[in-house]
Every structure is written in structure tokens, then in C-alpha cells.
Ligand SMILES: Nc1ncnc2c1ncn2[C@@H]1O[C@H](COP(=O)(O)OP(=O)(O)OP(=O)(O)O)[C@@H](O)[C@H]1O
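Take a look at this one chain, the form predicted alone, written out in C-alpha cells.
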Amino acid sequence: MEPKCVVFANQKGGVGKTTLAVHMAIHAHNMGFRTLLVDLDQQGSSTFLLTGDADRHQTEAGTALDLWYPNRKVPVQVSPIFGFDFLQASAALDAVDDDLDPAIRALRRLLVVDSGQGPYHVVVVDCPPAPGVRQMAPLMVADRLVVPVTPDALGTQGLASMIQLGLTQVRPVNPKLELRVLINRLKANSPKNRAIAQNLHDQLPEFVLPDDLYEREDVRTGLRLGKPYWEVCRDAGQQDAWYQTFDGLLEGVEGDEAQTQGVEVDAPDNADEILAQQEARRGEVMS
């Protein structure tokens, strides 16, 4: 049984791609699925959120780069904050951007890597915002492409290109690929934001996910406690929207026959210290 591969990608930065990819992995893990998050962005934002270490990606050893070397073991680690497995980024990942075929072969290794307890049920890939090999190759092995957008003029730039890429270049090679657009960081008090979001729903009903996710500062609160936003959200509507969004993206994932309810993830003892590092050392990391 191959895992379901869910890829988060956009050709525009600042749309919440990393935050959403991490939430996807948190939810899959909490539902009891063996989950692997792969950070292909050389900036290492997912790696940072999963470890609290802003410099962890400043290495080539034991990173996603090892996927490109068939004789090397896939260097899976366990997030000390969230408890699921991850493959960390490297600042040198742009070295693999010259050739698509080796990248596709490298990422196909993710479909057969063993977690130590059996194959993964879910593989989540966080892509870099720049178009190129590390955006294209994951789509060739993915089951779902999730394109986050913010409902503003800048946030929707690149959406048409991503849809065209998926439909015209990827699906002929990977016909199983499903494309989903996720509206994120909607400002509830902005009529313009709401109008753009509604227009996306009206114009792209076959792609746009039904629930919009609002801009909320307390998303950080959940992440620093090792919890998804819906566990700390005080807005019942958004609590449901966040949960239902990621639960819907798990559709079709098959677990073990003996799989039961999800697993509990305790808050890390040094949660406040991790948050302080995030704020002081890197500023806004919710990219």
C-alpha cells in the first residue's frame, strides 16, 4: 500500500503554505496515521517549526538531499514538538534544481520508505515558492496538490499558472493528481478580501475547498503547544473550518486494520522557549 502524498505549493510566497503543510501533518498524525513531512524549501521554515531550531537547515548531511542518492538511507527524524516524522530541509537544496528526472526518481523513494513500523500512510510535501524542479517533481508523484492563496491581488498571483501546470503538464503524466485551492488568511473585516474569496468560489467551484481560513494571530498559540489551530481557536466557526479542511484532505487515506482513534500529542516542556526563538530569531515565519 502506497501512502497518500499531499503537496502544498504555490508560485507566490506569503500565503501560509508552510503553516498549512504542518497542520496537515499534525492532523494526519493525530488521527493515528503514520505521517512523514518533507521540507523541500531551502529556507527551512517547516524544519524550523518542527524543531524550534532556526539554523537546522544549514547543513547538507541528513537532509532531503539524501533522497537524490539511492545508496543513502532516507534520514527520517521525529519532530520533538509534534511527534510525527519529518525529512528536514537543507540550504543547499537548490543544487538539485537543474534536472527534473533525477528529482522524480528521488521523490518516488518517499512512496516506499519504511517508518520503522511499516509504510507511511501520509506523506506531506512542503515545496519552495519559486517555480522549478522542486515544485514540479513532487506533483509527478502526488495524489493531491493543495494551492494556498490569500484573497487579495498579490495572493492570487500565480494561481492560474499553478492550475495550468497541474492540468496541462502534470495530469497527462500523473492522472491521479487532484488539485485543490485553499483560501487562507482571509481578513474578516475586509469587504474586498471577502469579495475576492467569493469570486474564487464562483469561478473555480471544482477546485476551491468549501471553507475559508481566516487571518488569526493565535495560530501561533497552537503551534507552540504542539497543537493544531482548531484545538485552541475560540471562534467556533473557524474551529470547524480548520478541522474540516484538513480532515477532508485526508479523504481516501487508508490506515492499518488495527488502527484506532488518533494519538495524543503532549505540549513540549519548552514550548515558550521555542516560541521566543521563533519570534526573536526569524520574525514572521508563518510563510
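If you're wondering where the values come from, they're calculated on a predicted model, not measured in any experiment. Quick note: we count residues from 1 along the sequence shown, nothing fancier.
Below: the form predicted together with this ligand, not depicted.
Just one of Asp94, Glu215, Asp99, Asp114 comes within 4.5 Å of this ligand in the predicted complex, counting any heavy atom, and that one is Glu215. Stretch 37-45 is the contacting one of 37-45, 245-253, 50-58, 63-71, since its residues have non-hydrogen atoms within 4.5 Å of this ligand in the predicted complex. Residue contact with this ligand in the predicted complex: Pro129 places a heavy atom within 4.5 Å of it. When contacts are judged by a 4.5 Å heavy atom cut-off, Ala241 does not count as touching this ligand in the predicted complex. The shortest heavy atom separation between Gln88 and this ligand in the predicted complex exceeds 4.5 Å. Although the partner is absent here, Met24 sits far enough away that none of its heavy atoms falls within 4.5 Å of this ligand in the predicted complex. Along 1-18, these residues reach a heavy atom to within 4.5 Å of this ligand in the predicted complex: Lys12, Gly13, Gly14, Val15, Gly16, Lys17, Thr18.
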